[in-house]
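Read the single chain below, which is given as structure tokens and is the form predicted on its own.
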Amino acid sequence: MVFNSYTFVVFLAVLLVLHNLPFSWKIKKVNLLLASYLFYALWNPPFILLLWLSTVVDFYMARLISVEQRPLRRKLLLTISLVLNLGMLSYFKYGGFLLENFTALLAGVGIAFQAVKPDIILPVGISFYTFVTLSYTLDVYRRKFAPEPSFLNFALFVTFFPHLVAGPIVRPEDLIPQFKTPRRATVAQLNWGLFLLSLGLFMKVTVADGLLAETADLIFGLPFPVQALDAWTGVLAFSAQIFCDFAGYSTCAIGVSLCLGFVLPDNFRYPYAAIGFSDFWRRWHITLSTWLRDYLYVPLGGNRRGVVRTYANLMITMLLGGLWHGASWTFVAWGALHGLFLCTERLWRDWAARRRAKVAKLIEREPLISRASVISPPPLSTNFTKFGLALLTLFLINVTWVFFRAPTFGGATLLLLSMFGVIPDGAAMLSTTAILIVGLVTVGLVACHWLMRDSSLVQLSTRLPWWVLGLGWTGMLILLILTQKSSNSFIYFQF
């Protein structure tokens, strides 16, 4: 089941009625759990078994870890949980990829080996719920979070349908405490939740699918070069599409949860207004970037073990973050580019900090020397400078999106050559209307992100008259109804 379907509208309406009937809190939680299983089972019912297996194993492993005092036994129990979860993820998501690369490696050394192509279906959401259960087990192992005594609460934490298949990636402290006491949405929460659901669906159905998907699919699917304008239009179309698609899903998930009285963490904060790549990852897929930071980058040593280890840890984290998105070397290249940009940015900031400290000491010793006479890094205090750096960041992000979207390295290379005019005889494939639509959406999206980069929708809603919000909501609903037939599944379902 997907949010952008009439089936889900009926599903949510029935669930809201059940959730507001005078049942006991335990019965309501059972209703939510069964509804979550139904929501997931409508894709492929047998994969419910994987979800159950992961839930049961991590629930009992965490309990054993919490009472075990011997360090070696605790590590053994944690290893069992990690092997099971990462093993399932590796088999279903990376089995074919590993076999393909193993075959290529043997061929490279002159060994002819032809394996039967595995018929593996990727379970929807396995990357997301695996990280959810891993965070629970790891937090219990670190004694950061006490094991949950109620299996019902833990199972609902793992399978709660709004976040189950595409996030946000929740931590134990985000959701489990909310299941301990009865919750029902207030009128304000229900209204705001329905508004966020409408906004998320508008971003997905009307903007991502209705205005952008066709252009992005056309340009990225061509086996020959195109004109630079068409190439950039296709890349910008995908850049806006993936934000509206994925942020749209997260907005829907947060809105649906709020309708039921639960609060999920934010996952996006206007990332296309980011100033630098560190800022980008504080704004894009926040729950994944913080998960990678807390459970991978910091355990590797973070920035505590010297300069070389810091940059190595950054690259490892981003490479694995790229691989998390998909079993393809193009995703690894996407992660590598982000790692390279993060390392370059950190080098610049370290140099700038040292240079400013040196200038300050020089002026302190020689008061007659002015700052203007000493070469120092330019300040970032002006809005013009910040906006310029934001545009540079967005430019580089769009370059990385080529590897994220292109099916092969050959396709990515061809598109990049077209973008930068290296191939002069590219074909003109897009109509003027398509180029104008993508241009207007891109300008509107960047302007919105820049104006809202230090604010939020909640803050904006308090400043706007009620009738303005009402008109905007009505317009979104009308456009949703008109464009619903052209909608597709969310992009991140494939990850």
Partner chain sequence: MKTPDYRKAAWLTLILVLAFVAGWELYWRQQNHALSYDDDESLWASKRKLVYQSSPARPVLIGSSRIKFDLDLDTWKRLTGEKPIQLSVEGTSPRPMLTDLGNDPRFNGTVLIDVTEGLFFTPSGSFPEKGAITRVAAYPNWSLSQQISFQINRVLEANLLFLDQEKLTLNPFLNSLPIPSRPGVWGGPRFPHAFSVNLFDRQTKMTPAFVADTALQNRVKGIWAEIGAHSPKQGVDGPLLTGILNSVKQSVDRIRARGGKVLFIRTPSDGPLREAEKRMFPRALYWDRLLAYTRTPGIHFEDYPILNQYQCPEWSHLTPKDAIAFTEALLPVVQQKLESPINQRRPQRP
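Positions refer to the first chain, counted from 1. Fair warning: this is a prediction, and the values are worked out from it, not measured in the lab.
Beyond what is shown, the protein has a form predicted together with its partner chain; the following relates to that form.
Of the candidate stretches 143 to 151, 277 to 285, 298 to 306, 206 to 214, only 206 to 214 has residues with heavy atoms within 4.5 Å of its partner chain in the model of the complex.
Just one of L53, V443, V67, L436 comes within 4.5 Å of its partner chain in the model of the complex, counting any heavy atom, and that one is L436. Contact with its partner chain in the model of the complex, defined as a heavy atom within 4.5 Å, holds for exactly one of I48, M429, V57, L33, namely M429.
For the marked spot (W192, L471 and I478), a heavy atom within 4.5 Å of its partner chain in the model of the complex is present in each of the three residues.
In the model of the complex, its partner chain sits within 4.5 Å of a heavy atom belonging to Q227. In the model of the complex, its partner chain stays beyond 4.5 Å of every heavy atom belonging to S455. At a distance threshold of 4.5 angstroms between non-hydrogen atoms, V109 is out of contact with its partner chain in the model of the complex.
Looking at L482, you'd find a heavy atom of it within 4.5 angstroms of its partner chain in the model of the complex. Residues M1, V2, S5, Y6, T7, V10 are the ones in 1 to 37 with at least one heavy atom within 4.5 Å of its partner chain in the model of the complex, listed in sequence order.
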